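What follows are structure tokens for two forms of the same protein chain, given separately as structure 1 and structure 2.
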Structure 1
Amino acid sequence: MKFDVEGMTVHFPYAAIYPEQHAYMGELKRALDARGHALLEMPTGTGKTAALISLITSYSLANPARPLRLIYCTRTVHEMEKTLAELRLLFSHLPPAAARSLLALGLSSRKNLCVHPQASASAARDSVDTACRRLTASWVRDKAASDPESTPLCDFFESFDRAASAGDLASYMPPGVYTLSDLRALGRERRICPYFLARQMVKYANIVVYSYQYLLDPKVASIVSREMQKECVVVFDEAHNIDNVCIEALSVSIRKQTLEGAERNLRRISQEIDRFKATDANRLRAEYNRLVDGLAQKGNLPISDAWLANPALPDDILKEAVPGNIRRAEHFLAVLRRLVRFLDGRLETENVENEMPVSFVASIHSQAGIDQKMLRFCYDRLHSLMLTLEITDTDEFMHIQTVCDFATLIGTYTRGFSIITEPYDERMPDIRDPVIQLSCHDASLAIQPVFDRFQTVVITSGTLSPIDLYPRLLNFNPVISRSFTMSLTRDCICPMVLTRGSDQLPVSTKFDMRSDPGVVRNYGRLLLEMSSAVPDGIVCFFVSYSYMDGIVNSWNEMGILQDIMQHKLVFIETPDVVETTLALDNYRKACDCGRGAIFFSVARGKVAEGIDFDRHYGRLVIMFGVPFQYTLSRILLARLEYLRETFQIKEGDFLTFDALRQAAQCVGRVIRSKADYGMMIFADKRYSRHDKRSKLPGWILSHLHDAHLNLSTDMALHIAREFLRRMAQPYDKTGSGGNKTLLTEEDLQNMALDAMEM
């Protein structure tokens, strides 16, 4: 359908629209008009993505002066696929002329895009990358030119290269929407490498959908997103965790194994240097001369040679020559050896140490004779050296890269980080497992360049409350910052706080209570009762893997698990992604065929982050416990201290905020549209306290009746039965009277007329 938003025609791919989507579009348009950043919270289940892409696409159609350049960042590949599917739906509703000129594509790693029969066979990303480099690196291709028989090349890449030099890549990729599987199918059909094709076409595409990390993690961002223009609109969807992504992108840890591996790598590099000295000394000399002039990579590397870039941010790296004392390969090697030895010495410690980068750099300088500038250039110097040495199996050199990442980061940043050395894990003090962790505390560091480079950055999610916290954490000034409520046709969500088991004893995952057999049994009884009353799918979230493992094992021993299996099949998330993916697939099948199933998952786990349990895939979600972070972790403590000093955020507040946004995120997965319905049980007595509960997003709180705040298992069961019965009744989808929850084109026209009259 087509309608007007503040005088602009918007093409929307559905026959009706929710009022909040309409309002959302209005706010978004204001942000685009003002060329500023926006922070928008809208409950899950109200079609954020559809509203976003329709408005931004329509905006550029209405303003030819601002051509469509949208970078849409998702957290996961499957969200990427969903967004692309929505884009395809949208394109089919655009005016044909516009749809014919727009190109939208997804971008992922070689592992997800490679179609070369041998290279794509390996399971790990590193090995696919290496296999690809073996076939496509510039020196391999040079060698193949002189010796074609013994040097295999990748046909797909060769045809890409020919097309790229002839400048007709666009003919391979006519406008349209390309998901990852479309790209692979195209690659197979036209015999062209989809990965490199996609990476080249990103420059010309109107809409690019890719992972956060391609924009936030300097290691990949500087390769992939280097050439994006300022006019781009950047969208971070499901961005409630964006601060964690940012700090993780700049964190490195070093263990004993890392250092051992690094030493192995150094030995290998030294052998290679010797070999080159004997055969091709000119190459090393040429590299030296290049380093005198400036940095190794000035953006003119062949596309196939690029690999993970500098871990620090491009703007933070001084545009100057590599220091003289690491220009020669042997000298640099000696510096790295000293650095590894120094770190090894630090790992020998018996005490926990917490240092700031400045003091750490000072001690490196005094003990190993490496100054800050040399540290900062470590990563680039290593990169240059490996290219010179024509090393293709980069995955073997992960260890020394980690060490150089570490060095570059501490050489670059003086604030917002801390270096924590622990001789053993807090929870297992008997097992010596020393680790040096460089952890970033300031989320704004990684995202700052994004805000600076692009004129409009939209951060949106279903759970951004409290909405004033995010601008502080990320250090930016949004022109629009708004939280939308959900207009509901009927009470299709039913949140409950369960504080007691059927025996009236409190339940909680508080540390002193969680292993109490009474609590374990009460939790088990709750699930058992619910599994007999609720149809189709049930999702359970636990606070951690170890807790889930423990409680499921106890249920198994108590026989509760067997009883539960009388009603539904049971699937569990495991650390192994392949197994978890298959379990999820089977879970959906079980819900589809009517058998019904339960999925056990972990808050903060991969499933909680990105999998939807909408419609019959999730009629009930139970959050067992409050998903606090492991509060004794030194990294967390250091971060809390930093937050208190820099942003004046109290520790307790931050911890509760963080736990509750995770809980809200978990339970929010059950609802996808207003026709959908689901129940949410927060099973912990702590949720009944006001300071915890009030941190839940508004759309949950508004449905949390006072009568549902202090329930026991049997009361919850009764409420669940009533709710399900109510939801099974037919209802008027469009809402009644003045409270319209579904707007048609006609309604929107009338609204516009009313506004005119007023």
Structure 2
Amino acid sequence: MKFDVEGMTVHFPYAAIYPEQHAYMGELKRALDARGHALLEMPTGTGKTAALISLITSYSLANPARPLRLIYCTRTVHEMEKTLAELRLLFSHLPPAAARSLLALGLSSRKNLCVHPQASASAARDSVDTACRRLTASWVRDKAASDPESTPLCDFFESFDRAASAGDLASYMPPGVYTLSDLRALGRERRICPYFLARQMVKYANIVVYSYQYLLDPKVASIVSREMQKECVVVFDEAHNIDNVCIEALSVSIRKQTLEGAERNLRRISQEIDRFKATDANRLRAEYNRLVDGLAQKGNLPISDAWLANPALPDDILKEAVPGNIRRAEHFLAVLRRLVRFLDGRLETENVENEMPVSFVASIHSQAGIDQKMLRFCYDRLHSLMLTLEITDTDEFMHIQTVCDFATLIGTYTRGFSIITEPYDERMPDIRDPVIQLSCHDASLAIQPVFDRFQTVVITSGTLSPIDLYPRLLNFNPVISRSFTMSLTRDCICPMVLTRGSDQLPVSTKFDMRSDPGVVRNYGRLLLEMSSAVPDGIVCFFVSYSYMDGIVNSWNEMGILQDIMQHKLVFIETPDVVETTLALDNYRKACDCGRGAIFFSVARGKVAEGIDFDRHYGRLVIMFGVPFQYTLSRILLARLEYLRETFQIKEGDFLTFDALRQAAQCVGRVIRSKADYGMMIFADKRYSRHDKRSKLPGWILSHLHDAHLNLSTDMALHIAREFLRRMAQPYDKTGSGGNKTLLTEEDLQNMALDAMEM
């Protein structure tokens, strides 16, 4: 369908549109007109992706003089594929001339795109990268030119290189939408490397879909996203955890194993240097001369040699000459050895130490004789040396890369970081496992370059409440900040707050109550009663793996688990991805065949973040407890202190905000469309407090009636039965009168006429 949004024609791939999608498009257009950033919360299952890509593509078509490019960032490959499928549907509804001029593609790692039979056979991502470099590095190809018999090459990359040299890549990828499977099929059919083809064509694509890391992790972003212009709209979808992604991109952990591996790496590099001195000393001399001119000279590397870029350095520093005392390869190795020895000494500590980068750098200077400037250049100096020594198996050198990454970050940043040394994990004080953690506390350090570089950045998710905290956490000023509610013809969401069991004992996962037998028994009775009344699938979320293990074990000893399994089969998420995937498949089979099933999962786990339990796969979700972070974690305590001092965010406010967004993300898995229905039980007495409850998203709060706020197990069971009986009745899917939940073209035209008359 086609309709107008504030005087602009929008092409939409469906025959009807939700009112909130229409309102969402209006706010998005205002942000694009203002060339500013937007923060938009939209309920799950209301077609966020379709609204975003339709509006931005239509905006670009309506402004040919100022065409916009869309960079759409997702968290997982599964979400990337879903977005590209929506794009394909949209392209089929665009005018033919417009569709023929647009190129949209997904970009992922070599592991997801490689089609070379041997290189792609490895299960680990780093191993696929290494296998690729062994076949495509410039020195390997130079060697193959003189000795083709003994040096294998990648035929797919060779045909890519020939096409790139002839300027003929566009003929391999005509306009259209290319998913990851499309790219692999194209690579096999045309005998060309899909990974490098996609990397090159990103520069010319109108729409690019890729992972957050390609923009937020400086090591990856400066290689992949360097060509992106300011006239880009960046969308971070499902961005409720974006502050954590930013922090992880700039945090590094060093353990004993890291330093032992780094020492092995240094011995190997030393042997390579000796070999080159004997056979090709000119290469080392040429590298020395290049480093005098500055690191920026290495910007013209062949695409197959590009390695992870510097984690922190701004461009002006890259133009400086590398410090004289690390230009020679032997001197640089000596510096790294001293740094590794210094860190090894730090790991011998018996006490917890918390330092700022300035004091840590000062102690490195006084004890190891390495100054801040040398630290700052470590990562790039290592990169340069590995290229000079023609090292392709980079996965074996991860340990020394980690040490250099650590060195460069502490040499570059003076605030927003802590270096925390712990001799053991607090939860297992008997096992010595020392670790030095460079912890970033300021999420804005990673995302600020994105805000500065692109004219519009849209942060959107179904769970951004309270929405006013994100601008403070990420240090930016959105021109549009709005939270939308869900328009429904029937109350298909039924949230409840359960504060006590049938015996009137309060329930909670507070530390002093969680192991109380009465609480454990009441939680078990709740699940047992619900499993007998609710059809199909039930999903349960616990606050941690250890709590889930403990309570399931207790239920087993009490005999509750056996009673539950009389009604439904039970499946459990584990930290192992393969086991969890198998459990999910079997859970779905049990729901499909009518047996019914219960899935035990963990807040902040893989299932809570990316798996949908729509339709009969999730008729009820129970959130056992409030999923607070481990509040004795020293990294968390240091971050809370930084947030309080820098952004005036109180510790309690941040912890509650973080726990409630995780809880909302868990329960939101159960509703994935308006035709769906489901119940949400928040099983903890703390949810009845206004300061906790008010931080849930508006679209959940609007259905949380006062009568559902302080329930016992038997009251919740009565409400659940009534709700399921109501949902079984036929209903009007489109609504009527002023409460329409599906708008056709005609409805939108009438709305526009009414607005003009007013």
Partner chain sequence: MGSMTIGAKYKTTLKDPGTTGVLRMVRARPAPLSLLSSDWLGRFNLAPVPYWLLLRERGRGCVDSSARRASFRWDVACREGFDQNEDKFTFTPNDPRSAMKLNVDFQSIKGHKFNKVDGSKPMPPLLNLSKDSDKGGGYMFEFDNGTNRDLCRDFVARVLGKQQGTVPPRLNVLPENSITSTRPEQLSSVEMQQRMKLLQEDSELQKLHKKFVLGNILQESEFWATRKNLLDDEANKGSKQRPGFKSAMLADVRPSADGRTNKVTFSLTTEIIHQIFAEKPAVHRAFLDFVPKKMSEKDFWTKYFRAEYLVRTKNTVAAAAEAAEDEELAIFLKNDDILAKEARLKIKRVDPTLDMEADAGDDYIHLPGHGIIHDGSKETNDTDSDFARRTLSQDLNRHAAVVLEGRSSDVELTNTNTVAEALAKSKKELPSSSASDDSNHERLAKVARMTEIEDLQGPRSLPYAPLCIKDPREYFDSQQANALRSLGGNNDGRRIRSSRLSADDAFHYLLDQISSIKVNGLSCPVVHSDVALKVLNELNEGISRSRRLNLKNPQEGLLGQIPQCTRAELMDHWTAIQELLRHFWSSYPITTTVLYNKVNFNTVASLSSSSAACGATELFLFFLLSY
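Please read all numbers here as calculations on a predicted model, not as lab measurements. Take the two forms, find the largest set of C-alpha atoms that superpose within 1.5 Å, and that set is the rigid core. Each residue is numbered by where it sits in the sequence of structure 1, with counting from 1.
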Subject >> Pair member that is the form predicted in complex with the partner chain >> reply: 1
Original post:
Any CA movement of 2 Å or more for M565 between the two structures, core superposed?
Top reply: yes
Original post:
Aligning on the rigid core, do we see the C-alpha of P117 shift 2 angstroms or more between the two structures?
Top reply: no
Original post:
If we fit on the core, is the Cα of A638 displaced 2 Å or more between the two structures?
Top reply: no
**OP:** Could you check how much the CA of C593 shifts between the two structures after a rigid core fit, in angstrom?
**Re:** 4.1
**OP:** State the core-superposed CA shift for S554 between the two structures, in Å to one decimal.
**Re:** 3.7
